[in-house]
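What follows is a single chain, given as structure tokens, in the form predicted alone.
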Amino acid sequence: MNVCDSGMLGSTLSTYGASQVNSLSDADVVILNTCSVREQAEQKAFSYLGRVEEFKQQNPFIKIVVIGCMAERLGQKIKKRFNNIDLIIGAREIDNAALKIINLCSMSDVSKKDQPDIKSEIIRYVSIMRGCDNYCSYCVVPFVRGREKSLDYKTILNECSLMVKNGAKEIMLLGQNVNSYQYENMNFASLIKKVAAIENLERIRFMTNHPKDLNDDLINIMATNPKVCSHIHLPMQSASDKILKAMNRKYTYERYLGLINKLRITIPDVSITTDIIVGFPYETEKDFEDTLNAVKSIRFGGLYVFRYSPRPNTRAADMIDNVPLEEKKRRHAIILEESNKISIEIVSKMVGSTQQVLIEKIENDVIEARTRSGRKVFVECGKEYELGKQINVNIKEAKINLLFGGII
């Protein structure tokens, strides 16, 4: 989502003559788009701000702007710690960020172009909603991004159409919970049908999904529309009903497992990935074993596993963080090891198969592409191939997260 926000901000600034550079020494303004989902993300932002502020002491004309969730959560505390910051814009004001930066940099007198310079990237991200109403007890998002708000579907379709016109072949629809999208009479499945009707668009992906709102309409369109990729990211977080209740996830493990079975029956080639949190307050060894056994039996196509860390203002922050850090690290390592083992087994079975891939990049006669299930593939090519073209590849070698093949 931050990548999407940064991309659209850059596009808007480009209409006023701005261009993106790759080094501080070439920049007039540095914009740091921040995240607050985990403490580690905030620490990385603080570390970077320290380096930029040091650079500004030698280059006082550079402007420093901090935007996003950390800016929303900490606001003036950031300004107090780094007094050389010129502008702070919270996540709830992200849509107005470009105008504020334009005014800061005295760009408003520049002759504005009619359309932003949307780069002809093969894969583009489009936000379809802002905020979240779920209030999972560990999550800071509702407090920094605000209440859930679905964006006008006409605006979304216009944005997607413009991106495809400028060369995009794959659109990723983004929301904290895309399943709950609802604008007037348009739900998420209906929105996907509208996006799929865009000519020259090859693929549609979306994330993230909340199990409590995943419905048959979405599963059926995944099964029947050839443009919708057979991959879904469905965060489980835990397989212990006690922990799920404490997390305020609003589903049981039995309900989650039922969704997994329905997806695999309806879409036989579906790839399901997930998120897991270990070390949540009061997670016992039995609770952890339930989650580990679920990972073994469900056999996800991949997963992200996180060690729990308290986030301010959340309900979980009032709970006793009673799982020691070393134990969190142990559980994290066990889940990751099991996931890697399963991933190797899954991709090994793909060796010898034919996979349709979308070309995302070509460099030094090597194609970088992606399967419909989301796996990255590298292919040597002896002639010119077009970015965004779909080709068939025979898989010859497999690693945990990478496939290697030859063009058929």
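Quick note: we count residues from 1 along the sequence shown, nothing fancier. As the structure is a prediction and not an experimental result, all values here were calculated from the model.
Below, we turn to the form predicted in complex with a small molecule, even though it does not appear here.
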Does N220 make contact with the small molecule in the predicted complex, using a 4.5 Å heavy atom cut-off?
no
Could you tell me if E338 has a non-hydrogen atom within 4.5 Å of the small molecule in the predicted complex?
no
4.5 angstroms heavy atom contact with the small molecule in the predicted complex for R38:
yes
Taking heavy atoms only, is N179 within 4.5 angstroms of the small molecule in the predicted complex?
no
Given that the partner is absent here, state which listed stretch (166 to 174, 309 to 317, 69 to 77, 251 to 259) has heavy atoms within 4.5 Å of the small molecule in the predicted complex.
309 to 317
Can you work out which of Y138, F288, Y125, Y183 has a heavy atom no more than 4.5 Å from the small molecule in the predicted complex?
Y138
Counting non-hydrogen atoms within 4.5 angstroms of the small molecule in the predicted complex, say which of G302, P281, P235, G90 makes the cut.
P235
